[in-house]
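The chain below stands alone and is given as structure tokens, in the form predicted on its own.
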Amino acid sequence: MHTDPDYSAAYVVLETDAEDGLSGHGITFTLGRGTEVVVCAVNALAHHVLNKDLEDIVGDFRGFYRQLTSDGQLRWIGPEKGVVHLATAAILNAVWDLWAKQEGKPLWKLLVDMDPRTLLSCIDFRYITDVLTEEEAYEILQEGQVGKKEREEQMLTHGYPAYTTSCAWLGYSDDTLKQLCTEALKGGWTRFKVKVGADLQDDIRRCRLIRNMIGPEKTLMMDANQRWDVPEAVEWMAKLAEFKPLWIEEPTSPDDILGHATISKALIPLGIGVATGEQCHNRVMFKQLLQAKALQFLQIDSCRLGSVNENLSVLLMAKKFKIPVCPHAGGVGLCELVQHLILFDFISVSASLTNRMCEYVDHLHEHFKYPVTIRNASYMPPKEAGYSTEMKEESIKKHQYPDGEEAGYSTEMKEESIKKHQYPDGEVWKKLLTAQGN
């Protein structure tokens, strides 16, 4: 659906003075332009983590999460949404990577082995206690202890089911669609997603082609990438219902919770669910989507929400509302990260694979030290310690954005005001920083 993506990431590395030489690597994903803005936000939040002890951070992870998300001044350009929240995710992803490495475990295993009370101490329950209290979350995790070992063995043996988005992007020729579907079927894929929303007649033709290729027994999903108004989504999907899609993803604005509820109500009788969440700002939006019965498939994202901490709260809410989680992945490192979250969800929270699958996009994995392993169309649990976020040194050097001067537009100010207040060389700031130094 994106016409000019330039897959990019703000990449955070946490270095320490510990003798083990470990470092934490975190990313947040973008489509190119704007990444430099995320980097600015990362730098604005950096003081919260610099010169801190990892043990102190994870010992009060809820408090640390709230420090980042409730920064007194940065809240004005948030809170817990947009660029600042993407930056928060990058920093916290690096912290989780470092913690898992220190424990010598892949992140999913760190979470699975964690005592329920310790796990819950990582979550900020503020704003969601009207639907999920900490005690309710504890009961869910306690229930998840039953059969946990067997489910872990099941994942290690068979992996977590995936679906492919790589076969049916808009703009592909029919020959390309046929070729990619044929290759995917030979590779054992049984779940396919097709992009729709640009032209109805073209969608009908392409969906018929794909459905005929994969057969009636395979699973087909559709993704509109926020193209439609609410009535348009209902009308359009009524005409695509003949192809038996399991869901329509992001049919309208990601912020329109009641619009999604309206679409859901209209499409459920047609056997079509609504999937959304990859662009939800935070746990509060997920809470409202669940309250409004606005989705039937919940799509978490490892870099848009506030890292593992906030995703844990969403997984627990989804369990309470009995909504399957089918994570968004793709791009730069999203598959690498989200595999850990969905493995934890199955082993410790949901205990179910019914109508559950994780997105897979088959590009850019070659840049990561520990890329995802797909076998028989399933994610195989990573065994290396960490969050699978670390990129190869040569990839970083080759693709790092130049250290050029910042550009931008500004309203002209008086020269004397600029000189006096400019950070950090202005007269006002010099006095403040000198006072802080003393």
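Residue indices: 1-based, along the sequence shown. Computed from a predicted structure; not experimentally measured.
Note that the form predicted in complex with another copy of the chain isn't included here; everything after this is about it.
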{"item": "Which of 91-99, 135-143, 290-298, 347-355 lines the interface with another copy of the chain in the predicted bound form (heavy atom within 4.5 Å)", "value": "290-298"}
{"item": "Partner contact for residue 254 in the predicted bound form: another copy of the chain, 4.5 angstroms, heavy atom", "value": "yes"}
{"item": "Another copy of the chain contact in the predicted bound form: residue 103, any heavy atom under 4.5 Å", "value": "no"}
{"item": "Close approach of residue 190 to another copy of the chain in the predicted bound form, 4.5 Å, heavy atom", "value": "no"}
{"item": "Another copy of the chain contact at residue 229 in the predicted bound form, heavy atom, 4.5 Å", "value": "yes"}
{"item": "Triplet 40, 125 and 130 all within 4.5 Å of another copy of the chain in the predicted bound form via a heavy atom", "value": "yes"}
{"item": "In the predicted bound form, the residue from 375, 47, 52, 392 that sits within 4.5 Å of another copy of the chain by heavy atoms", "value": "47"}
{"item": "Single option in 399, 33, 383, 369 placed near another copy of the chain in the predicted bound form, where near means a heavy atom within 4.5 Å", "value": "33"}
{"item": "Contacts with another copy of the chain in the predicted bound form, stretch 267-284 (heavy atom within 4.5 Å)", "value": "278, 279, 281, 282, 284"}
